[in-house]
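The chain below stands alone, shown as structure tokens; this is the form predicted alone.
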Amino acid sequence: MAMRIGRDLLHRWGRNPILTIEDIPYRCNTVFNGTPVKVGEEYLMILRIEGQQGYSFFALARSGDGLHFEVEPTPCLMPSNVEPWKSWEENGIEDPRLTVIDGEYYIMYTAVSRYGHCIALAKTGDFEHFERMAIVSEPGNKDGVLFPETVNGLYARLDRPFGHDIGSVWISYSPDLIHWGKSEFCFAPRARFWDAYRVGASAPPIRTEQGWLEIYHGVKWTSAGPIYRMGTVMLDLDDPAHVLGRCLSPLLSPREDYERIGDVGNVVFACGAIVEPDKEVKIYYGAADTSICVATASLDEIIESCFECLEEGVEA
């Protein structure tokens, strides 16, 4: 299949952003990094909102078409004031990622405290009641995303531990979603490329015939600061630590004013994707840490992008 020619592989919705501070029914600083799920014909999205106090919490938005969302009148999850969660979430909760496993909705998110960033896990069955399950990483880890099914009998997740000033993507396994181990390196930043400084998982992996499709974020450091872009990598179905292919060019780069100008400029940061019945993929992303947007492409085009490195003879 020949890819469509344009500035980016993904095509922005013409009425982006889909959510801004003007759509939040209470005072706040920004809204960004929303994670979606489709339940029947309804789209639900958990949003990261930064309050005027400076810390982040979560809100819920609903839509009938995946484009026009209405935000519920009160937050759905605030930083806990009950131990042991209080100590881990004292500086806020950030960047949720929703995964459906056997009809249960799991939210991996970042808990922020004086100890640093940790990955936490919560679940809900109805999006009205949320149950915290565990802190599932040590400090210095974030960008946790759950696979939507077990791999060789174990739950699996991608995450981004940080060491020696390098942020690479790893995979870990669990028998119960609480205790994690068997960690393996997955993929790293690439010198000279658009993701040379740092990489991290963005959307929960999508199962395809070719493998696990992961939409990730990559960062390049420039004289003006970091630029966050969106890319793809294909992981083996049975051994997701094995990379089958990886894009050379990003799916999406910050170009529009709403992606370049905001609390953190030059950022497109995905937190989830919906594959529609016609194989169109809606990817929801935070723009400049100030709004939420959506962009689309066909699933086949996105899969094809994963194998650019093989076509050019470049190591993934």
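Each residue number is its position in the shown sequence, starting from 1. Note that this is a predicted model, so its numbers are computed, not measured.
In what follows, reference is made to the form predicted together with ligand BMA, a form of this protein that is not presented.
Every residue of 33, 48 and 264 near ligand BMA in the predicted complex, heavy atom within 4.5 Å: Verified in the predicted complex; spot residues all in contact, yes.
Contact flag, residue 142 vs ligand BMA in the predicted complex, heavy atom cut 4.5 Å: Within the cut-off, so yes.
Touches ligand BMA in the predicted complex: residue 216 (any heavy atom, 4.5 Å): No.
Ligand BMA contact in the predicted complex: residue 95, any heavy atom under 4.5 Å: So residue 95 counts as contacting ligand BMA.
Close approach of residue 269 to ligand BMA in the predicted complex, 4.5 Å, heavy atom: Yes, residue 269 lies within 4.5 Å of ligand BMA in the predicted complex.
Proximity to ligand BMA in the predicted complex (heavy atom, within 4.5 Å), stretch among 273-281, 25-33, 66-74, 244-252: Looking at the partner contacts, the answer comes out as 25-33.
Residues from 218-241 in contact with ligand BMA (non-hydrogen atom within 4.5 Å) in the predicted complex: Result: 228 alone.
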